[in-house]
Structure formats: C-alpha cells, structure tokens
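Here you get one chain, nothing else, as structure tokens; it is the form predicted alone.
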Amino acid sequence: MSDRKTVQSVAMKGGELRVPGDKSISHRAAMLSALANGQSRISGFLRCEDCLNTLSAVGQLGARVEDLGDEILVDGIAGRFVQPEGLLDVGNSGTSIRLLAGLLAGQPFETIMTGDASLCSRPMERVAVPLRLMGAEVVPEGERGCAPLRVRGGELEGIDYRLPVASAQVKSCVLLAGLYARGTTRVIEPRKTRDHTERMLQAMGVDLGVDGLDVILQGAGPDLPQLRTGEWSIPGDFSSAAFWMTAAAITGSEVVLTHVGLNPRRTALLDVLRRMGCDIEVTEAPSTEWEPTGTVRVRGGQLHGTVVAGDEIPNLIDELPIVAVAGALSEGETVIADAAELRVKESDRISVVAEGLRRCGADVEERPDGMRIVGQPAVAGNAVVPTFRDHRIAMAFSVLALKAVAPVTIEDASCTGTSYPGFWVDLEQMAPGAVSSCAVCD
C-alpha cells in the first residue's frame, strides 16, 4: 500500500486546539533529566518518533525511564553515563545526535551514533570541530562529514567558540560539553537562536549567564556536573501550532491554540503573519521559571507578501516551509533570504518546497539561500507532492491544499509522525472532509 494522503479544499471549520508538546524541549528534558541527580518528572512529553528515540538513547546510557502515560519519570545518573552496548540509533533526529555528542564528549568511553538515511546525509563536522577543540575525539564516519558519528570522550577544556552559522543545536552541543570542561566555555552567536538549553540548565542550577550574543558556562572540570532534578511541564510546540495559524490565515477562518510555547526566540512567525495582514491576539499565561506559554488566537483575511530575512531567520527556521505556503497564497511578492541552512535539514527544504509549489501551480523562483514567490488567490493543485519523508514538508503542503482548486496528494504522509503523530486527525477536526482516500493506496 502506498503511503499517501490526498487533501482537498473544504471550508475551514477552525476552532480551538491544543497541539502536542514541544519537540525541542522534549528532547532536552529527556537528556538533562538523565544527567541529573535523582528523579525528574516530565509531563506533556511529545511521543513522536524523534523524541522516543532520545528516550531510548538515554536509557541505553544508563538512565532509568518509566512511562506512566500522563507523565514520564527519569532517574538520572548523576553526571556519568554508562557505555552503551552497540550503536546508539537516533533515527531521524538531528537534535538527538548533535546534543548527545556534546554530553558524550565528556564521558570516559567511545560511542558510535547513527540514524536513518536522512540523518546520515546531514553535516556533523559543525559539532565535531568545537568538540575536538575541547579535547574529545569526534569522527563523522559517513560520506562528506556525515553520520555515523564516533565520539571518544576525554578531559575537556573550556573554549571560546564563535559559531560560524546561527545554530541552536551546535550552541547546545558545545554548552553541554562545557558542563564537563575545566574553566569557562563561551559560545558567541552570530544571531540569537533558540535558548531552551540555556533556560533549562539555569533551572537545574548550572552557572550559566548570557551577555548579548555571548553564552557563558562554568564547567565542573574533573568533578561531575551536578544538576538538580526537574518537573518539566512541556508546552505545546509552536512549530506544530504554526500550521494551524497559517491555515487560518490563508482560509480566512479563526483558530485558537491553547497552552502553546511562547519563547520569544521561537515566535517570529507571529510577526511575519501580522506583516502579511493577519489578525493575531496573544494572551500569555502567568510566567514559569523557565519557559513562557499562553494562548494564540489567529483570524485570517486577505494576506499580502513580505520579506523574511536576516535576524528573523534563526527564530523561524522550522516555519519557513509554511511561510512559503502563505506567500504563495498572498497578494504580491514574498521573498525568503539568508536561509541557506534550510538545505541541510531533513531534506533540502529550499529545493523541495520550491518544487512542490511549482507542481501545485505557484509562481516560484528558487535561490541559493531561499526563494521568491509571486502569490495568487488560489493554486491549481492537481499534483502529487514528494516530501522526501520530511515531516514539515508533508504538513505544509497539506495546508496549501486547503486553498487549491484541485486536490493535492502528499507522498510519504506518515512522516508527520516524526514531530506530530496526530496531525491527520487534527486536520480532519479543523477542516472536516479535507482528507480523502487516495485511489492509488486502496
């Protein structure tokens, strides 16, 4: 049976929705809880393929993980992992392999991490370079500096490291290695990126400060890092909520997203949609000590094009495929620039999005670091869109199909389980009748 879903234009019902837990935070909660002294509780954990692979990995490294359904208990190993038997397979998760590389750099053994074909096509030298400078032996064993990634830990020294690209994953990798390093580890960002790692480390008692674009951490040196246990209530994933915000924006309907994460380094899409003419109301919940949350109400209308570039890019890197969809259904021109990082995600998202838009009848020009899109009231559709098993491509083009003249068929539709296991159910709730059987599949 072919793994396809066909989506057609229907009246968007809209309404209220709570999206699954934040993927980035779920990864970090599992890893840092595994490192802590004692038992941590995680509620709202995202039970998607990527995050479950992280849970499995920390279990192989010695943490005790107990899934109680409504929450997950993790008994930490007080700073020292045990050597796993065999390879650590993290599936499709770039977050897992890059952040775990930092933690494994401080362990007195060798580990080899691998994943699926998509993960093994993504660059690993960007984390290998700073970890080598700190004293670990890190070797990407795949072609062109890709996974599998072999990490032999060592005695680490703190470094000052200026990130060559704005990357929260590389920043987090260096900071996590810095927990085990002698002295100070300083990461200098070219632009501000997601700061979930910094917030969570501070909540766990780590000596970490932020000075502009500098993140400074004091390492434990020859002693093991001592992290307090946590009770992590994971907010809804803003990147998952982004699909419904944009669906409301392009269809002129109204959607309310509850208990969604509102970290200011994740919410640049709100500014983009407002510039395009969308009515957005944000109500922030009483603050927590580590991550802001709240409710986002989006009312759609006539959108117009915009430019998305520069400092805005790191804070909506995962939302750029759905920004492209909004641009294709807006008046005028939308330009996405300074986003070459999209080429080394789960797929080459610049190429894949541009090709998908062309297939659906949109006017798009692919560029090295982004694309130029000339919008229109609706796209033709009547297309099969290849996703290359990239979850965000599948969801973005499902939203596009809501404003297509003819249905759009999404290939490899089950890949949405990488980050949003209930996506197709929620799509049917928000737009009843949109998802139909694919004749090819039956």
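The first residue of the shown sequence is 1; numbering continues from there. Not measured: the values here are computed from a predicted model.
Same protein, other form: the form predicted together with shikimate-3-phosphate, not shown, and the subject of what follows.
Heavy atoms within 4.5 Å of shikimate-3-phosphate in the predicted complex belong, among the stretches 275-283, 144-152, 174-182, 312-320, to residues of 312-320. Distance criterion of 4.5 Å from any heavy atom to shikimate-3-phosphate in the predicted complex singles out S167 from the list S167, T111, T293, T306. shikimate-3-phosphate in the predicted complex comes within 4.5 Å of no heavy atom belonging to T418. Under a 4.5 angstroms non-hydrogen atom cutoff, shikimate-3-phosphate in the predicted complex has T95 among its neighbouring residues.
Although the partner is absent from this view, K345 contacts shikimate-3-phosphate in the predicted complex, with a non-hydrogen atom inside 4.5 angstroms. Although the partner is absent here, S24 sits close enough that one of its heavy atoms falls within 4.5 Å of shikimate-3-phosphate in the predicted complex. Of all the residues from 173-198, the single one having a non-hydrogen atom no more than 4.5 Å from shikimate-3-phosphate in the predicted complex is R194.
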